[in-house]
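The data below hold one chain only, encoded as structure tokens and taken in the form predicted on its own.
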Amino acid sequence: MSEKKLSGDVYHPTEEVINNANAKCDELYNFAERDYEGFWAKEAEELHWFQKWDKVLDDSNKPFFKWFTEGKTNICYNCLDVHLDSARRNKLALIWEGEDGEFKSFSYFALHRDVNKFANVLKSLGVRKGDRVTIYMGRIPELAIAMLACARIGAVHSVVYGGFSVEALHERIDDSESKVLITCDGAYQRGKIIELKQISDEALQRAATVSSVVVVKRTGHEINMEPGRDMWYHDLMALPIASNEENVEMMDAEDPLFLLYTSGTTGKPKAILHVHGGYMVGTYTTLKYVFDIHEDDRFWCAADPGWITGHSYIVYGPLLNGVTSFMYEGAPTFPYPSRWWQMIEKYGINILYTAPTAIRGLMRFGEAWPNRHDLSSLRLLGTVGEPINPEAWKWYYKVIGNEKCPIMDTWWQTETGMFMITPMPCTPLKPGSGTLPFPGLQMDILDEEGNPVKPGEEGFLVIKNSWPAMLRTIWNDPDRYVEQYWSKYDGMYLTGDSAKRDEDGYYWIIGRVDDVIKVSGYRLGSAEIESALVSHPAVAEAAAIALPHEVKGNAIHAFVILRDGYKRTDTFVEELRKHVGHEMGPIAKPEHIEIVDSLPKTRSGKIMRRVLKAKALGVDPGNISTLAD
């Protein structure tokens, strides 16, 4: 692959990078193409199984694929227990720094001990295999401990991002029918306290299934503790119920591991279901090869554990690979724009994996801030969450990587569980392109009729074969799973993203084709935002679209029709913005709200958001023959 003459702006890996990589590109691609199931079986054999699988892939009930059928394992056991009899026992598993400068670290031994103890606490609260547990916290080590403890005893965790609001939290608790909520008194963000416990209390007023709330003390400020329901984490961990008694549940490869809610094209978020076996193999393998994991690496995925990136590549992937993972609680620029660069220097971080939004945000402050720190420990960089514009890619490569760190620009989804389109250190790079599908994956770009598009043309990105870490279904809604992902093209998974492919076969992701808006890498449903606006007594109808934003990638612009008796004022518009923030969380606040008399609709009554977007951008709206008026 490296010998082929590539077109455009290409950055080739150095001989040193190629020679030091723990995998050779051509060998991996050839093996996975020649024997796809054998490739994944070989990776699975590097992990621990209480009982080996009898079949690698069962595709007898498409699209409900199963991997490693009849295999028995436990992802938590593979993250922690397998390392205790090796030199990794006393190696650091997790390093954490709080926004206020507080520091904690956990060896593999210490993390195993705390996870095991908390798993026994959960069992004492009545949590059993298959029960759901909602986790709503800031970026603190106890979030990872809670996730791993659930996995250890076979409970299904549902992590809700700590920036989500009362309504979003309540909806997710209600849908999952969680038995226990794990939260904290608050979290620090830009020097302020996010009132997580207060939000939890409001959400629980209508959540009948939750019987116990475990609260981690992070900020120490005054909060309400409901007698008989709320318990402090540190108190429970000091009781005899937090025993060291081993409690690993032997799980079937297809047993549920976690639910993670993602925005859909309707107002109701959908719960993506991932399982122990295939997800474990997929995250282990992709992290190992894409970020070329070595024994002494310190890996920093700067995402939030409340999103799939944090699940796969802060918690599970790094621990499965026995690497040291770094976690930071707060904002990239607090108290100064040098915070990230300071921590890379302080902790000797080797690999930084973050979102284009963060890179663009830090670019604004110039080169002086990173240049005052020694970033020479870095050997690989990565991006995730949205396409990265070439200008930001080059700044990241030149200023942060000192032109020696290849950038692993990864495309994947909550649904895929693992990297899907991604380079490896041996891959020639093109700024802005995710490069090629991971070895063995068959992907294509199709037009509306299902024909492959020509190079340079935009179309629907699809996946043509199954993969181990794929979602298994939508929780309690298998029909929606089939309809949403498998109904447009026969036998192919519809990603919901548009893309194009150049003459070298490199993929370029363009963005969502459905009504999902990506803001700073976070997926928000247009319908959810519109529902939040319409829940205000003054709003009759609303439409939300994404418009380009130089830092966030996209910003939300909303169009609102008011009920009779209400008029537009600047204070009223700000009130609507705050209302959306209260309903969904600050990330969903529209950048701009325009009061209008009507909205463009089809004759069947569907809002034509692309017409609104074209009008806002001053471009041709295209075919509007279905427009009602």
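Numbering starts at 1 and runs along the sequence shown. Given the structure is predicted, the values throughout are model-derived calculations rather than measurements.
Although not depicted, the form predicted together with a small molecule is the subject of the following passage.
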Just checking whether residue 411 would be counted as a contact of the small molecule in the model of the complex - the rule being heavy atoms within 4.5 angstroms. yes
Is residue 285 close to the small molecule in the model of the complex, meaning a heavy atom pair under 4.5 Å apart or at it? no
Is residue 530 close enough to touch the small molecule in the model of the complex, meaning at least one heavy atom pair within 4.5 Å? no
Residue 351 within 4.5 Å of the small molecule in the model of the complex, heavy atoms: no
Based on heavy atom distances of 4.5 Å or less, which listed stretch (181-189, 308-316, 334-342, 218-226) is in contact with the small molecule in the model of the complex? 308-316
Counting only non-hydrogen atoms and a 4.5 Å threshold, tell me whether 52, 55 and 57 all contact the small molecule in the model of the complex. no
Sole residue of 249, 386, 541, 81 within 4.5 Å of the small molecule in the model of the complex, by heavy atom: 386
Considering the small molecule in the model of the complex, which of 394, 518, 379, 536 comes within 4.5 Å of it through any heavy atom? 518
